[in-house]
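Take a look at this single chain, the form predicted on its own, given in structure tokens.
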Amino acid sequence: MTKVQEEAFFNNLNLSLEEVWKMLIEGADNRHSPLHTPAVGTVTSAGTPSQRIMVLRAVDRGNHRLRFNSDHRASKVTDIYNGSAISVLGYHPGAKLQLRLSGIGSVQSTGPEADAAWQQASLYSQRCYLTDLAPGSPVDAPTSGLDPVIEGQKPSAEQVIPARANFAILRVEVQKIEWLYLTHGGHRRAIFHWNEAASRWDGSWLVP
């Protein structure tokens, strides 16, 4: 991106929003993108924050949604099952952009979308859901949680069939985007809110 192109987008709300979605889509499609693994934050039933790094699997700009995969027994699923608040934080050092997204989380373990996501996952990824114990369960010794017979090996399609019962998708309906561009010439910061009634993003500038 040239300096002229940079100045055009970081001084224009509409172009800045375009850049946000462009980079999110690239983050889902390109595993080498820094936005491929953002931090996802939830709030526990005790009211405490909880964060973890997750792989961004898909971006649906039309419905302003992000999709991640998860074990449905994980604590984050418990945090958001009732449509609770969720946040996503990513930083792209090459583009000098920080993205703070927030919205409503939802979980689906059955249905066409969850089935399609399961089919798209590699056998190695599907193997992660074969553990007998739920993620975060206390144990007496270091372990992957997998049966030693399958640990360290590429499983067959037949071997991962039981894992499907533990698989779910985590969706984030993005309602707010906060964008920060870092540059020696002067930082830029903007915020966008989803206007449901008008079906559009309303943006405004903030002091960085």
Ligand SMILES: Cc1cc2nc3c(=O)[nH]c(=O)nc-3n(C[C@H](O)[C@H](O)[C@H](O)COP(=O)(O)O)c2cc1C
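It should be emphasised that the depicted structure is a prediction, and the values quoted were computed from it without experimental measurement. Residue positions are given as counts along the sequence shown, with the first one as 1.
Heads up, the form predicted in complex with the named molecule isn't pictured, but that's what we're talking about next.
S.K.: Which one, 172-180, 50-58, 24-32, 158-166, holds residues whose non-hydrogen atoms are within 4.5 Å of the named molecule in the model of the complex?
M.R.: This holds for exactly one stretch, 50-58.
S.K.: So, S75 and the named molecule: in the model of the complex, are they within 4.5 Å at any heavy atom pair?
M.R.: It does: once the named molecule is placed as it appears in the model of the complex, S75 has a heavy atom within 4.5 Å of it.
S.K.: Can any non-hydrogen atom of T37 be found within 4.5 angstroms of the named molecule in the model of the complex?
M.R.: Yes, T37 sits close enough to the named molecule in the model of the complex that at least one of its heavy atoms falls within 4.5 Å.
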